[in-house]
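Only one chain is included here, represented as structure tokens and corresponding to the form predicted on its own.
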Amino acid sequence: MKYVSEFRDPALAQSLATAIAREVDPARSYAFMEFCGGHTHAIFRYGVQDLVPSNVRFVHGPGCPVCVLPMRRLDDALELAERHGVILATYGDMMRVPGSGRRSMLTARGAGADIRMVYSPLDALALARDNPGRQVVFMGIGFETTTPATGMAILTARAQSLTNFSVFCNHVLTPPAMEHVLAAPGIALDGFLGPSHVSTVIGAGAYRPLVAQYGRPMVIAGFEPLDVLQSVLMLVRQVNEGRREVENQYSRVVTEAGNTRAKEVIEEVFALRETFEWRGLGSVPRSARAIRPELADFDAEARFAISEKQSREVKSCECPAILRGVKQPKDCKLFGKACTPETPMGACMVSSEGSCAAYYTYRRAETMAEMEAAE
């Protein structure tokens, strides 16, 4: 398959692994954060960590949108469905994420709430057209990759004069989260594997101020194993040569400016929130989107009264620390025992981009053995 098979070539992978081994300095270590959960799963799925020297370490970042959504926002969404009686439309990843009291959208639906899984905001618009007597709320979630589609749904609803469609907006931004990680104490990083899909929208240029300010190299990387290996080699070379630059390994898709039309839609529909709570990171200034006041008719937070509430994470769940990159799933006592994909205690075990889900899917036996040896 073009653009897939050639980026999984075993001989080329071995060649890149040999080049990395030849160029790493054995007298030092390298810690590279893959911001995106898609990269985490690619690294585990293809065994990339086994192809690089032991002094090259991957640090898993907060780039899983379902994982970083704080529990309170999930509880708010459940309130929309249960107290206000709306049809709540959401992506499949959200259905099993545990909220307060381990309630999820799946369990709420079993108890009678009208919660429906959709594949795109256009599906939610269709629900609104098909159910004119019901309010339909789409739960908008994700980084810059999914924000334009939510924006287009709102503009379409306005053009079609739909009065029963609104969005519960939880869209977040990548660069402020990266800056938060870099400014936080206790995480020593030598560089970033930059996200792929996000960068197709915002462009490579969006990261240059961040790299200039904090002096950490970044290589925007594709999702295939050769993409990741080549990006690691590019990062190693930057570190060894003392360069601190934004490089674009994923140039077959990502441009310097990104997707101009998508960015125009984002700016037309959304404003910046002054601050937003992230699971694991806490409050991050200007890191999330809100629907502009002139489009308030399509803002679920303006249309429905949502109560103040105290939501508490499962006490022993290490998902917040894992999202900050200061712990790994093997450091969580619940991993593989009380917390599995069938009985998730935290979002990191649910999402297809979550670190715990990656460890469980691809390295469960090895991780459990390390945990037992450490006890």
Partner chain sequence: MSTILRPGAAIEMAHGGGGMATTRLIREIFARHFANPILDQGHDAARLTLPHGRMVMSTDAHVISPLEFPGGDIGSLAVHGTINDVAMGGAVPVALSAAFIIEEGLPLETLDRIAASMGAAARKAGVPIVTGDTKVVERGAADGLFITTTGIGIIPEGIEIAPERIAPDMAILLSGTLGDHGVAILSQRQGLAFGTTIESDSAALHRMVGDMLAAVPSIACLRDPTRGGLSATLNELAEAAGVSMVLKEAAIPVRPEVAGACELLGLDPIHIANEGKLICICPEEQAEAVLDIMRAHPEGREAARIGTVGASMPPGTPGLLRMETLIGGMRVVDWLAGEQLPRIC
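Residue numbers count along the first chain shown, from 1. In this text, all values refer to a predicted model and were calculated from it rather than measured experimentally.
FYI, the form predicted in complex with its partner chain isn't displayed, but the following is about it.
**Student:** Do heavy atoms from each of A31, S283 and A374 fall within 4.5 Å of its partner chain in the predicted complex?
**Tutor:** Zero of three within 4.5 Å in the predicted complex.
**Student:** At 4.5 Å between heavy atoms, only one of the stretches 292 to 300, 207 to 215, 104 to 112, 180 to 188 reaches its partner chain in the predicted complex; which one is it?
**Tutor:** Stretch 104 to 112 is the one.
**Student:** Would you classify V59 as touching its partner chain in the predicted complex, given a 4.5 Å non-hydrogen atom cut-off?
**Tutor:** Flag for V59 set to no.
**Student:** Decide whether S100 counts as a contact residue for its partner chain in the predicted complex under a heavy atom distance cut-off of 4.5 Å.
**Tutor:** No.
**Student:** Does at least one non-hydrogen atom of S54 fall within 4.5 angstroms of its partner chain in the predicted complex?
**Tutor:** Because no heavy atom of S54 falls inside 4.5 Å of its partner chain in the predicted complex, the answer is no.
**Student:** With the cut-off set at 4.5 Å between non-hydrogen atoms, does D75 touch its partner chain in the predicted complex?
**Tutor:** Heavy-atom contact with its partner chain at 4.5 Å: absent for D75.
**Student:** Taking 4.5 Å between heavy atoms as the contact cutoff, choose which of R244, H84, R96, R273 touches its partner chain in the predicted complex.
**Tutor:** Flagged contact: R96.
**Student:** Which residues within 39 to 62 place at least one heavy atom within 4.5 Å of its partner chain in the predicted complex?
**Tutor:** Read in sequence order, the residues that approach its partner chain (within 4.5 Å, in the predicted complex) are H41, F44, R45, Y46, G47, V48, D50, L51.
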